[in-house]
Each structure stands twice: as C-alpha cells, then as structure tokens.
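Single chain ahead, by itself, as structure tokens, in the form predicted on its own.
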C-alpha cells in the first residue's frame, strides 16, 4: 500500500544533509512552507544552496534559516524586499553567496531541470552583467544567452490538499513554483492544509501527481509569515528555545 504520510515535519526533513540543494516554494508569503522550513532549522543541516523566489521576510521562515547560518548560497530573483532584514546585511559582509536570476528565467530553469532539459537559450539578460561568463548564440539575427536547468536534492512545498498517494492541489496563486520544484527535486516534501481520502481529489484537478512526492505532513493551521513578521517573531532552533515546539 502506498502511503507517503510522515509523522512530523521533523521526520520529513531528517534526511537533508549538509551541502544539499533545496528548492523552497513560495512567492513571498503565498505558498511558503513555514513549518517545514522551521523543522529544517531545528534539523541543523548547513552549507545549503537554496532556490527560492526571494530571501524571506523578517526573522522567520527562510529568513530565519539564512540567519541561522545554514545557507551558503541563494539562487533567487528578489534578494531584497520591503521586509528583508537578514540577507542584505549578510551578503554585503560576504557571508552568503547570491546567484541572481530573472524571475521568468528562474521558473524556466526549474521547469527545464524537471523535464530533463540540461540547458536552453533566452534573450533575457543579454547585454547585462547577468550574462557574463555564459555562452551566447545568435539565432535569426538575435543574440541569446544559455541558461542551465536547475535540479535539487530536496523540494519543500506547501499544498492545499493531498491524499496518501501524494496527489496535490494548491490554493490559487500559492501554487507558484511548487509543481515545477516537485518535478526538479530528487525528493519532494509537502506540508498540506488538509489530508483527504483517496478519490476525494478529482483526477482532473490534480496539479502535482503523487509520482513526484516523497513525503507529506498535514499542517491544518499553518503559521502566516506576514503575521509572524508583524508580531516581530524571531524563530530560533529548538535547542536555543529551551523547549520543543
């Protein structure tokens, strides 16, 4: 019997190791798997390369993972936003690396990685510093820059509904990068708002089929990043909190 449910967020991320590449879903707050990220902070894996749309907000979620010194490199489109309190300072001090990727190119690099496409050509970034050191090729009189597909060891994503086979649906735009990240990662870990019975999700409504999912944990009342930031919450590893969460 296929059953991809796991006991906790901690057990979901237990196999992530130092040096892994992690794709984390979310467009800002929308679709960000806060509980899985916090479990990764507690787990303690370091020297991670993280692929995300941005670098987190406040001192929770992805920003907290970065602040805890676990991320060596960010691959993202928006390294600085209104509530970016952590990454800019670390980057300016040389404590974290950045690979800046235009958002459409980032999405296509992830999609290509999941589809088994090693590289593709795009006009985006031609003539800018982002094209430095990359192969250029002329097609029909226009220059294009070569971009490589992106793959990951793990993807952490958030779904609206899941069944035990791993079939997923998402909450509107909170879907964002999640489906293509699930395809591009060797292991996809999912926190879902609701675990439903087999057959409860109409086959026509399945966005990510279970073949791309390795572990699922139900988090029926996920924390909201914007509220945590508003409240000034600083997430620290369990060992620093003095009590388990």
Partner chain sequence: MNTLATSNQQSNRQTAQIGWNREQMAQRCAQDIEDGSYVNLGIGIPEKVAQYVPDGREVIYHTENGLLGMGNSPTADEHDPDLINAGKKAVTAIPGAAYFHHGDSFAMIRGNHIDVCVLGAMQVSAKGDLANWSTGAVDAIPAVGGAMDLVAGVKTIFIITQHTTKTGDAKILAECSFPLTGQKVVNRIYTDLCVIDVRPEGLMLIELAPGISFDYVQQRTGVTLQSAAHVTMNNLNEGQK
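The structure presented is a predicted model; accordingly, all values stated were derived computationally and were not measured. Positions refer to the first chain, counted from 1.
Missing here is the form predicted together with its partner chain; even so, the following discussion is about that form.
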property	result
Residue 29 within 4.5 Å of its partner chain in the predicted complex, heavy atoms	yes
Contact of residue 2 with its partner chain in the predicted complex (heavy atom, 4.5 Å)	yes
Its partner chain contact in the predicted complex: residue 117, any heavy atom under 4.5 Å	yes
Any non-hydrogen atom of residue 94 within 4.5 angstroms of its partner chain in the predicted complex	no
Contact set, 77-116 vs its partner chain in the predicted complex - heavy atom within 4.5 angstroms	77, 78, 79, 80, 81, 87, 88, 91, 92, 98, 100, 101, 102, 103, 104, 105, 107, 108, 111, 114, 115, 116
